[in-house]
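Only one chain is shown below, in structure tokens, and it's the form predicted alone.
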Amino acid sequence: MYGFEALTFNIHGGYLEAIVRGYRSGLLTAADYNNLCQCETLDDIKMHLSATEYGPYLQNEPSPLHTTTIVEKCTLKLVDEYKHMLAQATEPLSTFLEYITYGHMIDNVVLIVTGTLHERDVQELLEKCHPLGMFDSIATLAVAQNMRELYRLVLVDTPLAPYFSECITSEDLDDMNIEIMRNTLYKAYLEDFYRFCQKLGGATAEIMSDLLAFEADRRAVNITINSIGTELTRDDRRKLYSNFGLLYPYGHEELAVCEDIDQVRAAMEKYPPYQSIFSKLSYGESQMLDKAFYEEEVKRLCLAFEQQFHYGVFFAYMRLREQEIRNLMWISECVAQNQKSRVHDSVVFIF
């Protein structure tokens, strides 16, 4: 149900909504991607990007360029824009913007813990962390031996603390436990974000419910496919699914018992929005599933900009910019490795 947000939204949110819509107009277009796909070297990519909003971030980079440098600088632009918006935001928008970064925090925690398990250098791992998910005590994650220590020593003072209540065990950390921890944290985070958006009400609740439900369903499918053939039991699998979304609860019951990709497909084709995604794939194929989900997500994120007076545009913009950085990383890697024939395989056009 829409409230009277049109009357009062612009008092606090009008300036920032205008800013984010301005940022959105700077996203790369299909013409830009077509030009980037024609590039022969990374310097050609840099030259083309110099005419876009990434120009100032790349102009002082010396040759030869590396893919990591391009991705790093493009991410830096996203971080600068995010910090500008956060500095200008008032409640409840500032809390909403902070929620957007919690996913990166979870990824960073998992990256550091997994890297430490495999005896990688902490400094090297910190450089790989996403800058939006950094927090003060992140470097000390390396000392934890199990979930309980991880929580007690480090995470109790971070925004992720409430999400850890479900996955504190005394078991030693290994690859399987870490993956379960990542998915349990994500489940708690998505449910919390969903509740927060419902509390905001109005257009924000309506649009964000759709976007978060899609994210929850995509994670449910990915968890199912990745756990086929592992020792994860059906009950454990079901516990990792979020308690909302189009698939909740009956779709989750079906996914929990799936034994191969075709059974997942059969369960998903009962839901019209996902039927169109799976119809693009041939039977037994899951490699192109990620791209199909990304394309559907981009379509939904672009629709968020069709309405005004809601916070969904901030979430949509951050996600679209992250997708753009993934596209640039893929194109740069294909050019650097001389695999131009595969350059269109993973590029998701935004407009």
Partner chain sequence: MTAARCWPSMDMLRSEPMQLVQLIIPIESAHRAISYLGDLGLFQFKDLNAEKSPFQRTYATQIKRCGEMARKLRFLRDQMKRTGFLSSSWSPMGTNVNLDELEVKLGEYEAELLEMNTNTEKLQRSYNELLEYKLVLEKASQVFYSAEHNAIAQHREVEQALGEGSIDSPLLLEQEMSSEPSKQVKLGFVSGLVAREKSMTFERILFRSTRGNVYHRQVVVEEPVTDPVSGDKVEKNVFVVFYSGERAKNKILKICDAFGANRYPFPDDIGKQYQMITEVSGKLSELKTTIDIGQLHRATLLQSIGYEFEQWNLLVKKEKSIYHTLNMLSLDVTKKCLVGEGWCPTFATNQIQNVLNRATVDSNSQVGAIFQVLHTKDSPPTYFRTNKFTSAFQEIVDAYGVAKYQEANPGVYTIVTFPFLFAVMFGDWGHGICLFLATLYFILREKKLSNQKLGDIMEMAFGGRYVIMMMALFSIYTGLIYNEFFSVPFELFGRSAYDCRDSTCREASTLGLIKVRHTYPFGVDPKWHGTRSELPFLNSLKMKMSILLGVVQMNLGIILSYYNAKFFRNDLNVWYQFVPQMIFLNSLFGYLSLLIIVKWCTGSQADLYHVMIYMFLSPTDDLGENQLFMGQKFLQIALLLAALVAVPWMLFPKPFLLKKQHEERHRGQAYALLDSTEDDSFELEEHKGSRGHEEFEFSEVFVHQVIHTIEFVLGAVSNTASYLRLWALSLAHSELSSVFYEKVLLLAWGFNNIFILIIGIVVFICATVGVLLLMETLSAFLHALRLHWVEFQSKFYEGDGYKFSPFSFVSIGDDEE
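Remember, it's a predicted structure, so these values are computed and weren't measured experimentally. Numbering follows the first chain given and starts at 1.
Omitted here: the form predicted together with its partner chain. The next part is about that form.
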| query | finding |
| --- | --- |
| E149, heavy atom within 4.5 angstroms of its partner chain in the model of the complex | yes |
| 4.5 angstroms heavy atom contact with its partner chain in the model of the complex for D44 | yes |
| D157 within 4.5 Å of its partner chain in the model of the complex, heavy atoms | yes |
| Residue contact check: R300 to its partner chain in the model of the complex, 4.5 Å heavy atom | no |
| Stretch in contact, per heavy atom within 4.5 angstroms of its partner chain in the model of the complex, of 310-318, 290-298, 62-70, 22-30 | 62-70 |
| Complete contact of Q38, H48 and V143 with its partner chain in the model of the complex (any heavy atom, 4.5 Å) | yes |
| Proximity to its partner chain in the model of the complex, single hit among L153, L200, L173, C129 (heavy atom within 4.5 Å) | L153 |
| Single option in L78, L117, I100, A139 placed near its partner chain in the model of the complex, where near means a heavy atom within 4.5 Å | A139 |
